[in-house]
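Consider the single chain below, provided in structure tokens and representing the form predicted alone.
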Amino acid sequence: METFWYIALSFMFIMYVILDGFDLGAGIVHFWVGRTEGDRRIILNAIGPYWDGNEVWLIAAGGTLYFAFPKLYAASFSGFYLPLILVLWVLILRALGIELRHHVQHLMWKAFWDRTFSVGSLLLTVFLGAALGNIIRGVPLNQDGYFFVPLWTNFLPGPHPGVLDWFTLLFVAVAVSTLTVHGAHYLAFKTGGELQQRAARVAGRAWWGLTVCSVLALVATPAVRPGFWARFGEHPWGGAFVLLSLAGWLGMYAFNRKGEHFRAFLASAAFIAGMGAVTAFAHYPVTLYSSVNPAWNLTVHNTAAGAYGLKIGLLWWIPGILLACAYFAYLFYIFRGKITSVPEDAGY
């Protein structure tokens, strides 16, 4: 039962990165792609129907983590208290940037909230990348299953690292480049004209940055986390996740060059899904590594809730997740099509 909830939790986090990732990416490229006020209004309207719903996946994943793996939840939220508070502030400021810019028709007001939205999107992506780097590298868990991590120490991985070091900064670069490409592909298929062309160019150039950062991360990971790839030797079927990420990586480049922007966006989603699945597969059954003593690792077995509670949870999780998937399918259906102009009295 613990394995099912590990897979469910991994699925929800991957869905969050894919769905909220495209509007985070749109925020990162907001000023690269949106050169004029009209362009920026189109960008905000392209993500407007989705962005707040996308964040529900993060809330739902946090709730599932609390229910299914309470000890992991307690350790993570206490150890990463300061970074999580910063994430909360960034989420608030980013939402304000989207919602408040159209309330006052003044250039300085709009410019301020546009920059708040763009910087907030970038910072949230930075925190996501740093979080992934910390999960792979490990944290100084003690024998009681708790830890504290400062924002930085000497920028070197070790028994007592900070949230930021050269390894986690490398994953920050992976996250920023990946979501930049993802958001640019989304804008390329959702818009038209010069804005679409600029988005496609940004996606094409950022793809090279994504490639370089991903290769460096693949080389650095076994050096910092020995045995990371061991499960793929024990269970070769896990190679399907690697193939999915490779197919997505190649598809982004090929479809973007052909001008097939929707397929390029799907390819970037496949790349994110594949890389997320690779990470989850390589980690299992560990949920959080101890950089002090491997015997103190948190796993799906020593952090899970009681078996009875995990079984009862299926009664609400399965219909809930099916309802959420149906809602998003309907949402994307009714707001299908391109956005090429926005009336002056429209929201966002």
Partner chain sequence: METALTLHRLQFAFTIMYHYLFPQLTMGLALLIVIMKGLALWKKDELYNRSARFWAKIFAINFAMGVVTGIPMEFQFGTNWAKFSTFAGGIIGQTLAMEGVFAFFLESSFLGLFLFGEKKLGPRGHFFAAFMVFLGSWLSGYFIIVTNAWMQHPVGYSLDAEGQVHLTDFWAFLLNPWALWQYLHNMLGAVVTSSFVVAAVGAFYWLTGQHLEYARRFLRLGLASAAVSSLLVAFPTGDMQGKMVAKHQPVTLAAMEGLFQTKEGAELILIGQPDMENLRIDNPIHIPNLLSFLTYHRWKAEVKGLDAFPRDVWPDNIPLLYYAYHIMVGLGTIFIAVAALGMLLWWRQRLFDSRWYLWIVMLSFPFPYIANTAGWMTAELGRQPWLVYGVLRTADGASPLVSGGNALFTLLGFMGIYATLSLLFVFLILREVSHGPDHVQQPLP
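Residue numbers count along the first chain shown, from 1. Since this is a predicted model, take the numbers as computed values, not measurements.
Below, we turn to the form predicted in complex with its partner chain, even though it does not appear here.
Peer 1: Among W57, G62 and W113, does every residue place a heavy atom within 4.5 Å of its partner chain in the model of the complex?
Peer 2: Yes, the whole candidate spot contacts its partner chain.
Peer 1: Looking at 237 to 245, 274 to 282, 218 to 226, 69 to 77, which stretch has residues with any non-hydrogen atom within 4.5 Å of its partner chain in the model of the complex?
Peer 2: Residues of 69 to 77 come within 4.5 Å of the partner.
Peer 1: Can you check whether F328 is within 4.5 Å of its partner chain in the model of the complex, heavy atom basis?
Peer 2: So F328 counts as contacting its partner chain.
Peer 1: Does any part of F335 reach within 4.5 Å of its partner chain in the model of the complex? Heavy atoms only, please.
Peer 2: Heavy-atom contact with its partner chain at 4.5 Å: present for F335.
Peer 1: Heavy atom to heavy atom, is W208 within 4.5 Å of its partner chain in the model of the complex?
Peer 2: Looking in the model of the complex, residue contacts with its partner chain do not include W208, since no heavy atom lies within 4.5 Å.
Peer 1: If we define contact as a non-hydrogen atom of the residue within 4.5 angstroms of the partner, is G53 a contact of its partner chain in the model of the complex?
Peer 2: Within the cut-off, so yes.
Peer 1: Work out which of F262, W152, W166, F148 lies within 4.5 Å of its partner chain in the model of the complex, going by heavy atoms.
Peer 2: Checked against the cut-off, the match is F148.
Peer 1: Could you list which residues of 101 to 125 come within 4.5 Å of its partner chain in the model of the complex, counting heavy atoms only?
Peer 2: The stretch 101 to 125, when checked against its partner chain in the model of the complex, contributes H103, V104, Q105, W109, W113 at the 4.5 Å heavy-atom cut-off.
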